[in-house]
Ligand code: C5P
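Taking the form predicted alone, here's one chain by itself in structure tokens.
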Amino acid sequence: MHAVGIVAAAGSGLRLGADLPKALVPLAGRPLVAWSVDALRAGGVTEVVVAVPAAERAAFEAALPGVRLVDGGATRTASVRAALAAAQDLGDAVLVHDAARPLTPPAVVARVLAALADGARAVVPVLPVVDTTVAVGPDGVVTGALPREQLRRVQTPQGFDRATLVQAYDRLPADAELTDDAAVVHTFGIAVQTVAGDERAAKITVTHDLVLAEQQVRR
């Protein structure tokens, strides 16, 4: 099985308080996106395509020498569409990863690849929900508790049989915006399998997340 990695890296750094794209924010002196690309490669992905903001392409070229880049869209879904088109001849499996999960262990990538090799059409790494989880109404009042035994936190990279993901995106309306790629294929009835995720694959969204990641790197 030949796998290609897609990294969604076209998001802004506003919630991080940065004046540059989030994927270029440094972690221990290296852009977040460089860490994420390295994690994919270390886990067994041979080719990587990164969706970047068109206006910042030169900066990404400098940060990722030799990596194939494609102009991303206004939304995550649009960016993955663009990268998927650019990766059409690069592999029979696709792993879609967030640039904002720089410390994802290569073992998570390897588990996703192994599940695809065993015949899964869609695979996501997940973690259990450990806190009590409730539903809240529009007035802010708790309406009930959710059974956390059945709930999971979804991470990336998410893996797919390439033909399955391409077909799902072809059927998805152009203006649709879903939170992740597993939701895209699940919309069309594709079963999504799970493998164990890792707490180190946490997503960097706000400044506190970046501080925690810096502490992990220094350990």
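Counting begins at 1, following the sequence as shown. It should be emphasised that the depicted structure is a prediction, and the values quoted were computed from it without experimental measurement.
One more form of this protein, predicted in complex with the named molecule, exists but is not displayed; see below.
Only one segment in the set 115-123, 99-107, 84-92, 130-138 has residues whose heavy atoms sit within 4.5 Å of the named molecule in the predicted complex; it is 99-107. For Arg200, no non-hydrogen atom is located within 4.5 Å of the named molecule in the predicted complex, even though that partner is not displayed. Proximity of Arg111 to the named molecule in the predicted complex falls outside the 4.5 Å heavy atom cutoff. At least one heavy atom of Ala74 is located within 4.5 Å of the named molecule in the predicted complex. Among heavy atoms of Val4, none comes within 4.5 Å of the named molecule in the predicted complex.
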